[in-house]
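In the block that follows, a single chain appears as structure tokens, in the form predicted on its own.
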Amino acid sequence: MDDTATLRARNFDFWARTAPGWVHQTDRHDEIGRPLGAVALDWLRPQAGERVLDVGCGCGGTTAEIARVVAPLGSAVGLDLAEAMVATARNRFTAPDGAGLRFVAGDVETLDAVPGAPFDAVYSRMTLMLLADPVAGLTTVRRSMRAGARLAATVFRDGRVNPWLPAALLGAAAHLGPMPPLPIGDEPGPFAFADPARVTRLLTAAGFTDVGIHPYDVTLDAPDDPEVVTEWLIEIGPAGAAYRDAEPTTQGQARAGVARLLERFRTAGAGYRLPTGLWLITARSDGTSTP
């Protein structure tokens, strides 16, 4: 396993190369990917007037949704490593009347605290599993919270309950150029938080209390359009950069390869139903917050 500095540099490079795909697919991912974070928002229940942090905000859809909930006197801050996604979020959204909405580009693992702290609540959709140094990142989050503030986040469980997830890589890889190195062990990746005991240890080490790890099974409903669905999954995944660099004929071959692997999740005329196993992670700050 590589050291933390190497993993952090790899993360930065990966998201710089992957961000254009997320920007291109942002509206589609906001719609199809909503169930990936809905259980965390339901648990968190942001209230009017609260200050809320969205860790791994991507192109800003969830942060803007939170801002509307906490208006008119509350605020929402979206933080993401990818500068291109943050720039897109700033262009897509303005603050609701009376509310604050801010997007920050930065590495949660190296910040002392997130601008806008202290926060009453923290939300994160499918991001914590991607941290090179989870304890460092979670410690920054905890330092950015007021005493007793609440955290709700989602991550993938394991590959057995997310059988469609590797399709966008495996189906496309045979037709594209070199892929980024796949994660091994606990390295950042979709299944890095699969072990709930490890997740509990990480949050506890970062200073969180009342840690809970709750299994949820959701379904992503996608339209019956193989071209659209396969390109969405390729562009937001590890094969995205190689896909965008490929010739149109090769891109079509990659989409066809992914479509073959996804066929068992498709009902003609109805669309795709992608079964997804999540952990809902809940916790509270230990009382040590930023002044």
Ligand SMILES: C[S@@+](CC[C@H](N)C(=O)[O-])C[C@H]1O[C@@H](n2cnc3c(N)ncnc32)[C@H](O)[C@@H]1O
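Throughout, we count residues from 1 along the sequence that is shown. All figures in this text were calculated on a predicted structure; none of them were measured in a lab.
What comes next is about the form predicted in complex with the named molecule, which is not displayed.
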Option from 102 to 110, 191 to 199, 171 to 179, 158 to 166 whose residues, in the predicted bound form, bring a heavy atom within 4.5 Å of the named molecule: 102 to 110
Even though the named molecule is not shown here, does residue 240 get within 4.5 Å of it in the predicted bound form, heavy atoms only? no
Does any part of residue 131 reach within 4.5 Å of the named molecule in the predicted bound form? Heavy atoms only, please. yes
4.5 Å heavy atom contact, residue 11 to the named molecule in the predicted bound form: yes
Flag residue 126 as yes or no: does it have a non-hydrogen atom within 4.5 angstroms of any non-hydrogen atom of the named molecule in the predicted bound form? yes
So, a 4.5 angstroms cut-off on heavy atom distances: do all three of 29, 57 and 81 pass it with respect to the named molecule in the predicted bound form? yes
Exactly one of 122, 85, 203, 77 has a non-hydrogen atom within 4.5 Å of the named molecule in the predicted bound form; which residue is it? 85
Residues in 222 to 254 close to the named molecule in the predicted bound form, defined by a heavy atom within 4.5 Å, in order: none
